[in-house]
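Two forms, one chain: they're shown below as structure tokens, one block per form, named structure 1 and structure 2.
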Structure 1
């Protein structure tokens, strides 16, 4: 169907020849060329950012993921043993050949390398460190038969668990840190089993991080939605004043705000003092409101509130009040007008607020560390704890961090499925 076929349409004159620029090139081609140049320039302008992201973000994340499964100690510091023990069937004790290889490795190794492999193995089986370090010191005196020589040096060399562990850990890649991060472990036979009850901490903390973040997000909606609405509907002069009250804490340092909650909520703090003064509680019955879950929830809700209010406000500001008025004029009750007309229009702001607050919350570190005590900590606190520990624990921290990263990406994907990122509006 052409334009000419439409009755009453203005006929368009057919161009006699293709339009050209002054130097005779076709206009379309010239336009394409100019556009390509602009695009190339734009690309060049963002290249530094790409390079920056690659170097400071992507590469470290890839490194983190590879290091969380790497397990080089046994293979590189006990090379002979790792080779000799590969064929061992795991029954009774390994052959003399393996013991001889171990004796050679201990002799060749020296303090630094044996120390490192001993530290790695000791993390799996307590007591190996002193066994290995002791044998390392007397390695020069070992004579064949080496099995007897090592057993004479320390009984622990006769423990099949030790050899099974060495055999297992001679692989250079290991899922051990991920297993541990999910509260599983290898048992003595090399099967993957749930860890004993008293050692399970990570899965529980992951769940705790998720549900507390969700709770904090809900609290910021409950508290922030009316405030944003008030800000959007008040006359500008008063709204500005209120806005400053929202922004002032937003601009104040996180540490200052967290410490302020400590001053307020601790057992000898302001709130407890007032309660005692009013005889609500007596001197011995001061309430513990901080260094536990309550502390984390209160302080984080306060700190993250502006991240909910601001996107909500920016969306609410653009909703014409005439829409609700129209609904009312057609007989809707105020509640119905609000629920069916106003609320759906605020969803883009709400979605942005939820995404911001939840993802910020799930990675929070300082506030739970300061006011969370033992029960109110987040997974990031455990990650930080493990990082300052020994080398083996560093890789556990990396595994935990990778799981957290993947978890956040999955949540983002789910959120996108349910709400749609194109419906977000941040301001």
Structure 2
């Protein structure tokens, strides 16, 4: 007799059978298999993009950072000297063993290799190139004791600064280029000191790049916010026409746009002609608005303005007009309704525009190079200039570029902390 047959007994539910698919496989197992296959397919789809970014972005940046601290010349081309001088205490002159190692390296090294290490050392201590190249040519004649032989060849071998420099530069990694990028350097005793005033150009240019980029970003907000609001509130037909005018700079060459500003802003240009015509300035008082900071700020504000308008427009277009109408119906003035209801909703687009414009501006090159003159250049112009110099100048350029990259990453981190990347809306 079963329990169900007993009057008043609680019925025990029958155990449920496991859910299966049509072909009899457990449903959970089939779902896991399907999800794993979807993830593999998604990974395969983005794999070319990962490979492209790795080859064209990640690896070059790693190489840039590595070469900016690389210092292989002395250790590679004067290997015996680098090993012998490692234990030198820096007082008096090195031992006979170090001079012998130097004589051996000068004898073994060719004109090209000694020339490279001499050029590297000459960048730190002027005159050392001629000393080394002269000794290289006489190296076959050197006999022990080598200290006397080298001192007889050139008195500069008796200068402790030369040997201290060789000892310091025998390290394969050096912060020298980053020190130079921050307007510091090693002195004759190997201490880190500030460079003379007339040589301090990099930190000043970094600050100039930062504040001019910030000013350009503020100007694009002031000019772009009303335009984006107008685009979002106009009827579609008029808004499309106005949007074409906003997008027109995208369809025009950057070089052409910059050249147009040169024509407009030069002292014999259109803007000065209008000011003279309106008697704002006289003929002799034409304003210099190009080849300085004014030219850079004006041209870059115009070029980067669409990058502020488009994110703002994409956000404003989604804000229902009924929200501000509701605020006004409850007694708020138009200005208060805009500031307290409408404007906070545009923060995602505003944040995206600020991020786009500032990061683009801080790394701009062409426009400051063409219209900035000497006072309106950015740090990118100095980087490009150093890229075409000697190997030491190239490494200095890589150090400057690395500092710029780290600065942008820090700004992005601060932006994420203050605003939040998840609040950005680009379109």
Partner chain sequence: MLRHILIGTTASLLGIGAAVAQEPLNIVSWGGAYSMSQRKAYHEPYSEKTGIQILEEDKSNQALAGIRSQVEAGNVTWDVVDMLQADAQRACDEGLLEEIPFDQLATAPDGTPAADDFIEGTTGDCFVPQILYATMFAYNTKAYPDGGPKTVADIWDVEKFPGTRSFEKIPQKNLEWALIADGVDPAEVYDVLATQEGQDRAFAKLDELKDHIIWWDAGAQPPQMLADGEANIVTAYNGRIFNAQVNEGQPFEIMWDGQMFEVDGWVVPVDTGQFEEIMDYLKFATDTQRLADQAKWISYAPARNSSVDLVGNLWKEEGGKAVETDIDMKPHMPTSPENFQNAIQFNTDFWADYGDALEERFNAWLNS
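Positions refer to the first chain, counted from 1. Here the rigid core means the biggest group of C-alpha atoms that line up within 1.5 Å when the two forms are laid on top of each other. Small disclaimer: the values here were computed from a predicted structure and weren't measured.
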- Answer for which single form is the form predicted on its own: 2
- Query: Quick one: once the rigid core is lined up, does residue 171 have its C-alpha move by 2 Å or more between structure 1 and structure 2?
  - Reply: no
- Message: For a quick test of reading the superposition: does residue 279 move by 2 Å or more at the CA between structure 1 and structure 2, rigid core aligned?
- Response: yes
- Message: After a rigid core superposition, would you say the CA of residue 375 moves by 2 angstroms or more between structure 1 and structure 2, or not?
- Response: no
- Core-fitted comparison between structure 1 and structure 2 - CA shift at residue 29, Å: 2.9
